[in-house]
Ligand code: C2E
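Here you get one chain, nothing else, as structure tokens; it is the form predicted on its own.
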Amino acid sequence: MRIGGTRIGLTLLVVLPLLISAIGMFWSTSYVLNGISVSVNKQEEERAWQAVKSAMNAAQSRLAGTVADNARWDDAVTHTYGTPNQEWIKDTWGDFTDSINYNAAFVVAPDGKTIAAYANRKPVDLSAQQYLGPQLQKILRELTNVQSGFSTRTTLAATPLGFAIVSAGPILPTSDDVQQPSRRANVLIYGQTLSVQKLREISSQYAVDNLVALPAAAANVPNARVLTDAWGNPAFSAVWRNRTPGDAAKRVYKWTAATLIAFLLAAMLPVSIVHFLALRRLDQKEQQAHRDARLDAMSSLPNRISLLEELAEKLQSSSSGELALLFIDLDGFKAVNDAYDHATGDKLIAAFAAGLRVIADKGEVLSRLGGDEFAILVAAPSAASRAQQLAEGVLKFVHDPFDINGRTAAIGASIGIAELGSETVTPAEIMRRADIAMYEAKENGRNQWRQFDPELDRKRSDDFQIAREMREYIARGEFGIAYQPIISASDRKIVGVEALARWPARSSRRLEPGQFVPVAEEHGLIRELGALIFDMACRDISTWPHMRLSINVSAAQLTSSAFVQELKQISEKHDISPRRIEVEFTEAVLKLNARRTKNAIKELHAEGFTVALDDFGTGHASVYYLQDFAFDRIKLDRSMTRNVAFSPETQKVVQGTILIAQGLSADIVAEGIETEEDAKIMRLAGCHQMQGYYFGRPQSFETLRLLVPARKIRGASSA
């Protein structure tokens, strides 16, 4: 018994420590894994909740902007007060209730009476009171007082059409031309129903799985979170399927943990070390996964998610003047991708990111937002001044072309700067302001920086209004068109006309092409506008069988692969030979997308159209384009015409251009002819055709029709 008892004691002495260690290891492993799993799952749940709130806030901001564009409008006052113009309300608001911005629209009198109600492009027998319930009276109390000025109120609501985002604004004039309501204002209300499709889009955009909206009373549903209206009352609940990255990690590791425990029974110390290292690796992987989710792989910079988190944190701790955000967009990056390949573009992104690291200080947050967009967050005293220094540094950095494996990549940078003022703003708002300032820099010539100014918001609102009017005018075919004669240099006969778009005369606005064409390009209307002007011009010249028609092309029009076929279809519609149509490209268009432009010129030639290089002499690489692109005609810029009489250098350029054109079998057109002396000099220099105020300003079709039968222009006797 003693021997047996000793053996049992020794066995227990050996086994018990191992058994206790194994049990302790199993418990500690489970405890650590459960803790990590719960922590990661909670972080993911909180991230999803913040994403849902951000999505709702962003949607409310967009809808409020749409209401502001439509409610603060002279025409809206004219047609909704007194006896409401129901037809106008239908055409302007009702017919657009199936847009991505809103699917319900109400015009409400100050006393709450519904003037008009539409949903999904149809009038509905549903009052605003029935649609919003008690929220309507709150909105009317806030907005109908004319003396309070213009403001909007946006809220979440449970409506008979479903859970929705609703925004309202008083219908007030924007100019002194229309009398302001004397007492209380009518109110325009837009509603965007959170349909299944809309919630799917939010789910996809904000990485929230299976987002569903339920009644506010469903708050006891697992994972449901209550969203409140503008006055803090429950509106409805949001429910989604929580991702559980912690559980996934736990499942992956449980077999590894079991194996480690088995090894512990054989070798206590080595297994303890391995276990410690394994847990450390697991923690490192979690941290790495967290970093990867906030890191842009191509540039190795923080991504948009990381920047928003940093921005939210800095906004809580910074005061006025201590925070600024730079929004950087690379000019010409797409052209580099098109000219070379995406691998070269990726290396250019990495090279630019490396340059930002050198330019920025240690405490400044760098980020790649996606594509060719970057950001720098500055949180320090005098942040705006530091942001301007950084902007100048970026512009200096991109001044010289990059050498990417022997390939030259020339880019610029358009930079917007927004700083934190005294008001409270959200991360999304300060990013929006920096983005607006960046687009202002881009629209004013690129490769420069601009500071955000509230005036930019007003300009953006004006641009949206211009785009809305333009869309209506294009749909009704009401745009104006002017023609400028093109004259043969030898006999002063009219050989063609250049068609120029003009803002409709019936509009209360007076806009030049330089004002409305950029708006058309930015808002995706340039293709429709160009097609309308070409169609109108073809209709007009169809009665002149020997007349040539010149049209200008925007770079945005070339993005459509069907561009050439659209021209062909319109010319065939009016029975006009493509040989009578000349398509004019500026050097700016060529530089934006050289490959696409070259392909378009080949397609145009294949269909029988002629091609001209417009404004030659205004750029720095025009001679290259003469050699690389097959132009049928070259139009000398008016600056060369004005200077040729007293500038030997300009004379040499003109003579050299004519010699090159002769070698390329291209005709020369002199633009900007304003005197008889200009005409004589350019004819003697070898120009084949001329164009300018001396022969005729851009004029209506009716005026030009009086000149065409004679075919000759003044000054012919001196030719």
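Each residue number is its position in the shown sequence, starting from 1. None of these values were measured; they are calculated from a predicted model.
FYI, the form predicted in complex with the named molecule isn't displayed, but the following is about it.
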_Does any part of L500 reach within 4.5 Å of the named molecule in the predicted bound form? Heavy atoms only, please._
yes
*Non-hydrogen atom contact R638 with the named molecule in the predicted bound form at 4.5 angstroms*: yes
*Looking in the predicted bound form, any heavy atom of D400 within 4.5 Å of the named molecule?*
no
*asked:* Does any part of P513 reach within 4.5 Å of the named molecule in the predicted bound form? Heavy atoms only, please.
replied: yes
_Region of this chain that lies against the named molecule in the predicted bound form, out of 505-513, 126-134, 354-362, 74-82 [heavy atom, 4.5 Å]_ = 505-513
*Contacting member of S414, S203, T597, Q557, with respect to the named molecule in the predicted bound form [4.5 Å, heavy atom]*: Q557
*Name the residue from E674, E45, D667, D69 that puts a heavy atom within 4.5 Å of the named molecule in the predicted bound form.*
E674
*Indicate whether the candidate residues V517, E584 and D615 are all in contact with the named molecule in the predicted bound form, with contact defined as any heavy atom within 4.5 Å.*
yes
*Since the partner is left out here, which residues of 516-537 would have a heavy atom within 4.5 Å of the named molecule in the predicted bound form?*
V517, I526, I533
